[in-house]
Each structure stands twice: as C-alpha cells, then as structure tokens.
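Coming up is one lone chain in structure tokens, specifically the form predicted on its own.
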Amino acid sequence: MVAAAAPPAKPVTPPRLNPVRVPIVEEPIEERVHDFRPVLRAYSKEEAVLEAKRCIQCRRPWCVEACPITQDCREYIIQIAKGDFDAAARVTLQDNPLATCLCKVCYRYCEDACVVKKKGVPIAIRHLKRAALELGNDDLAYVPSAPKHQRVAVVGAGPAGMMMAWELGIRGYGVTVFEQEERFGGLMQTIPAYRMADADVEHDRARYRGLDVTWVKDDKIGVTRPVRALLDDGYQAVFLSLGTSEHRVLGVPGEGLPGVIPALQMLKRFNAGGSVTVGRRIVVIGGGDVAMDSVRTALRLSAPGAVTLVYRRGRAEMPADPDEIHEAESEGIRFLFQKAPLRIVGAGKVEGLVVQAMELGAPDAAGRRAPVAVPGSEETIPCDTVIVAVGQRTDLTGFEGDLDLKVTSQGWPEGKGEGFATGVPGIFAAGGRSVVYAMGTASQAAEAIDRFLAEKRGETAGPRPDSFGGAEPFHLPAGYTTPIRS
C-alpha cells in the first residue's frame, strides 16, 4: 500500500505587527536625581517575552544589517519569545563579548532600522539583550581555537582593544593588552552608574578567562617604549586602539580660573571613587554624550543645584543620544541652544560665562549647519562652575610619523591601508565614534591581522570560529544582504 503524500507545509505566518512597545519603566525623577541608581528598570520575564513576540521576524534582518558588529539580535529575540533565556544569552554572547555593557549604552542602530518603527515604536532590542543576559545564564567562558603560536600586542583596552583581544583570542592567537590607566574599558569607564555599572566591564572581561589574553595596566606604550619595540620584542603584529582620552579646550579667556573642570577628568575621577567638588550653579558646554553625562552627573553631585547646558547649535544638531537628551530635560536640566562661549569671568574664581547668540548658516564639510555669530548678542550666565565637554582627542605622544596615521574629525587615529593597516607592516590602528562602532572597526582590523599572520605561517585565513568551541564558524544570518550603515 502506497502511503498518502504528505500535505504541503503551510507557510509560516509572521505575527501581526503590534506598534505598541512594552513600556520600559524609569525610576521616579524626584528620587533618581539624588543618587546614581540605574534609571531604566529591567524587563521581567513576562514583559520580555511579550515584547519579543512583537518582532515580526523580517526575512531580511534589517536590524542585523544595521549593527556594526552584526549582532544576531533577530535570533536572540526568537529565543526570548520562546521563553528560553539561557539560549538567548548564549546567542547574544556568541557574537558580542561586551554585551553586558552594550545592553545599556549601545546607540541602538538596530532599532533605527526596525521595520516596526514605520508603524509605531521599534522593538526594544537593546532592552531585550539586557533581559537575555540578566534572566538567562551569562556566566560563560570563551573557548580558543588550536594555538597559532603567534602573539599580538594590543595597545589600549577600550572597546576596540577588548574586541580585538576577543577576535584574536578565539582564533587561537596569544594576545597581550597594554592599558595606560589603572582600569580597563577606556572611555566606558567614564560612563555614569545610572547608565552602566562600573563592574559591567569586568563582568564582560571575565568571559575571556579561557583565552590566551594577558592584561597589563599602567603601561603607556609610546612612553614606556616605542610602539616599534613591540615588534622587536617578538610580537608578530600590533593593534593600536588609542581612543580619545584627552579633552579639547575652549581656547577662551578665563579657562584657567578655579571652577573650570574638563568633563572627562570629572567623570573619570568620580567613577574611580575619587572626590569631585562642584558648585550650585553649573554650566556645561557641549552637545555630545560626554556633555549629557556631565550635566546629569553634575546635577546629582550638586542637588538641589541648578545645571545649564550651553550648545552652539540647535537641538536637532546635537550628536548626543536623543534618549539621553530627553532624560536630561526631564530631570530639570536647562538647555540653552545656539549660544557659544566667549569668555569665563570672575575675580579669582568662576563667577559667570559670557556667551554670544549664534545663527545656523550653511552646512559645513561634515554636513552640519555651521553656526554664525550674531553681533551685539552677548549675555552673561551667572555660575560658579563651568564644565567643558567640547570633544576629545588622542594623545599621540611617542607614536612615530612613519605610521602614517589618519586622525578622524572626532579625534581617534586609524590606519589608512586595507583593514586599517598603518604605514609600518604589521601595525594596525582603528577606533570609532561609539562603543559598538569601535568594536566594529576592530572586527574589520582583526580579519586583516588574521590574514597577515596566516600568510606568515604559509596558510590561508578562515572565518571567525565559534566563540564557544562549536563546529560551525561564524556566519551571517539568513536573509542578510549588505550592511546598511555608512
């Protein structure tokens, strides 16, 4: 008897689009401004599953294509929707060694690309990542491939340096990471605790325990020894992830008065447990994420003081995360847009900031509208503290000119060659404008370093191996076409 043919499989019907996000609850404003408790509360299991089920599982994973590290968020959302948080945590960590940090501070490029955004609020992808890690088992250790017997020096333990150590470590290379500070994490260590806990960097770094990665702190390459000396010491390649650890100055009269504080210095000192003294009438100058961190930190340190942010362009031109701007405004920060600092005044200490009104003219070389001064519009803002947050730059002390580094408009150096190769064979350099972008450039550089070292061995480099020792190497998710980021 011939068995009847099986009925054709029914096509999988994606869930109906639900435009309403499961709310992400914030701590009450009147309470949180007095301490550094996390502002955003985590999802419960029930909330996370409900939010994950809003995902319509697009055949083309726009969210993954928008991610600088191609994090397979679509897959961990599937696992959360099933209620399998352990699997979701493993999927998350498989592609992302700094997931504990990123689930709180990532810019959420994935959410900007989410199809659901066309009809309502995008899926809370970053918050679901946090749910995967906090509700699932994230105490995992990375597994290296067979040893390559080649060692690489990584200069700088910020996001790019830590990503490079992971990329090379799971490929079987030995890695030594040199960090000039006492703590690892680079500028992540300036992020206030209400956004990301100081211990989150160490929680992520603990998963490197199975890799051949050595961490060296308080060693400023370029000062303790030239970068070329690392090649002479037996390292087969060097990766420079120097970051932007130095603040830019205003260059206006009065900047040397007591009461003028560089933003990075304040944030770094306070996060390390040091004492920071601010007044009761504080002005922060700048419009980026460091400025947002500064105004909200100053508010908590001065409570019930008054904090004003001065920015020379308009709100639409602010480079800071829109959510951070919204939270700062809701906490009572006063914003003064299209005002530029002219001088800081005071008799022996800060007493005021003189500003001038600005009009937005034609776009500059970066496409942003250039501010133009309005004659006769000077005014003085009374204050006793001025915090300067107008950008950062890299300290290139000790790095030879023949490296032929390109310094980007936002201050970090990178190699001009393929895979961020510098002018010296075997030395590479990269960074990025955010934590996840820095990680993404490190991944590109890691592929180039792997090819460089494989050629030295007389071999051909392969794809990134599974970071937990599985048989299947890394692959892009089904439907992936091309990155949609610049």
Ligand SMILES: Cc1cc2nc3c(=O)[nH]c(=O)nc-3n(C[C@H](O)[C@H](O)[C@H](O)COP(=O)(O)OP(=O)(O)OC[C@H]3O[C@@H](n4cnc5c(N)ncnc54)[C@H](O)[C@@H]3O)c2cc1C
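In this text, residue numbers run from 1 along the sequence as written. Just so we're clear, the structure is a prediction, and the values are computed from it rather than from any experiment.
FYI, the form predicted together with the named molecule isn't displayed, but the following is about it.
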| property | result |
| --- | --- |
| Contact assignment for the named molecule in the predicted complex, among 320, 87, 250, 187, heavy atom within 4.5 Å | 187 |
| Contact residue in the predicted complex, chosen from 290, 175, 237, 299 - any heavy atom within 4.5 Å of the named molecule | 290 |
| Within 4.5 Å of the named molecule in the predicted complex, all of 94, 215 and 467 (non-hydrogen atom) | no |
| Listed range touching the named molecule, judged in the predicted complex by heavy atoms within 4.5 Å, from 375-383, 403-411, 105-113, 206-214 | 105-113 |
| Exercise: residue 167 in contact with the named molecule in the predicted complex, heavy atom 4.5 Å | no |
| Residue 311 within 4.5 Å of the named molecule in the predicted complex, heavy atoms | no |
| The named molecule contact at residue 32 in the predicted complex, heavy atom, 4.5 Å | no |
| Touches the named molecule in the predicted complex: residue 243 (any heavy atom, 4.5 Å) | yes |
| Partner contacts for 201-234, taking the named molecule in the predicted complex and a 4.5 Å heavy atom cut-off | 219, 220, 221 |
